[in-house]
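The chain below stands alone and is given as C-alpha cells, in the form predicted on its own.
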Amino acid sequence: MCTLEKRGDLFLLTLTGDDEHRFHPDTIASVLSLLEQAKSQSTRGSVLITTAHGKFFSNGFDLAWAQAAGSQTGAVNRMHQMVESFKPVIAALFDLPMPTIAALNGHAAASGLMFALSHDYVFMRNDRGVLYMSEVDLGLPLPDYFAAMFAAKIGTGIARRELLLSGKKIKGEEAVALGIVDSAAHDSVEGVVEATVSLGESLAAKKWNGEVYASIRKSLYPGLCAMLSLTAKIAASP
C-alpha cells in the first residue's frame, strides 16, 4: 500500500505496487499515519520525498469502491467519506515541518494530482505521465478545499481553465509552461527520483527549523489553510 523509509535527512514515502494507487479509505489512513510518523521523527534538515511504483502516481479516489455500495445514495456517501477523510492528509502535508517534494513516476489524476500539488515542489517525467482532473468529464463537483488548493497553487486563470475546465490530459512540458509543476526534464522513474533526491539533499543541508518552515508555508496560503483548520504560528528560536 505505502511505505516510509528514512535515508539520512530524507524521508521517502512510496505508494507501493503496480496498481493505480487509488485512494481507498484504508490507503488514506495509511498515508496519514506515515505522514504523522515523519512529523514525529523530524529534525532540522528533514525533507520528505513522495513517489510511487508502476505506471501511476495516483489515479484518484477509489471510485469502484464507492460504486460497490450498491445504491446511488450509498455511492454518494462513500465518495463523501473519501473526500472528508482525505482532507487531513492535505492538512498534514501543509503542516509538515520540512520541505516536501513530489516525484511523479507516472499519471496523477483527480485527488492524486491534489496530493501531488500539496507538496512544495513537483517534478514530472517528460516521457510518461499526465496531469488530469477528471471531475468535469465524470460529472463530479469539485470539493471546496480542492478548489481552494488550485486557486492557491496555480497562478493563472488560463492554467486553471486548462486543468479544470477542459478535461485535458497535460503532459510534462506543458505542465511546466503553465506553472503547475517545477520540472519535467526527466526520462525515467530513476531520473525523476534522482533529481528530487538531489534537491532534497540540497534543502536538507540548510538545516532549517522545520516549525518555522511550516509556519511560513501556511502563511502563504491563508484561505486554504483556514479551510484545513490550520493556523500559521511561529514559536521557535533561531
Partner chain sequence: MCTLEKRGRLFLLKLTGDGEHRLNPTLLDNLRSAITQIRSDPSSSQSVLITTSDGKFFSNGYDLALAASDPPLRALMAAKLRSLVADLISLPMPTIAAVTGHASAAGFLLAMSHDYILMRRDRGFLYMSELDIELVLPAWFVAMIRMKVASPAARRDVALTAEKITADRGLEMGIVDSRHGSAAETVEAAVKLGEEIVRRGADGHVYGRMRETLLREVLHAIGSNESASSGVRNSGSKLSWNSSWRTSTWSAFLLLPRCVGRSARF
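Positions refer to the first chain, counted from 1. No experiment lies behind these values; they were computed from the predicted model shown.
Omitted here: the form predicted together with its partner chain. The next part is about that form.
For its partner chain in the predicted bound form, the listed stretch (189 to 197, 23 to 31, 208 to 216, 45 to 53) containing residues with heavy atoms inside 4.5 Å is 208 to 216. Relative to its partner chain in the predicted bound form, residues Thr14, Glu36 and Ala177 are all farther than 4.5 Å at every heavy atom. At a distance threshold of 4.5 angstroms between non-hydrogen atoms, Pro143 is in contact with its partner chain in the predicted bound form. Although the partner is absent here, Glu84 lies within 4.5 Å of its partner chain in the predicted bound form, judged by heavy atoms. Although the partner is absent from this view, Cys2 stays clear of its partner chain in the predicted bound form, with no non-hydrogen atom inside 4.5 angstroms. Its partner chain in the predicted bound form comes within 4.5 Å of no heavy atom belonging to Leu10. In terms of contact with its partner chain in the predicted bound form, the residue from Leu117, Ala92, Ala159, Val130 that brings a heavy atom within 4.5 Å is Val130.
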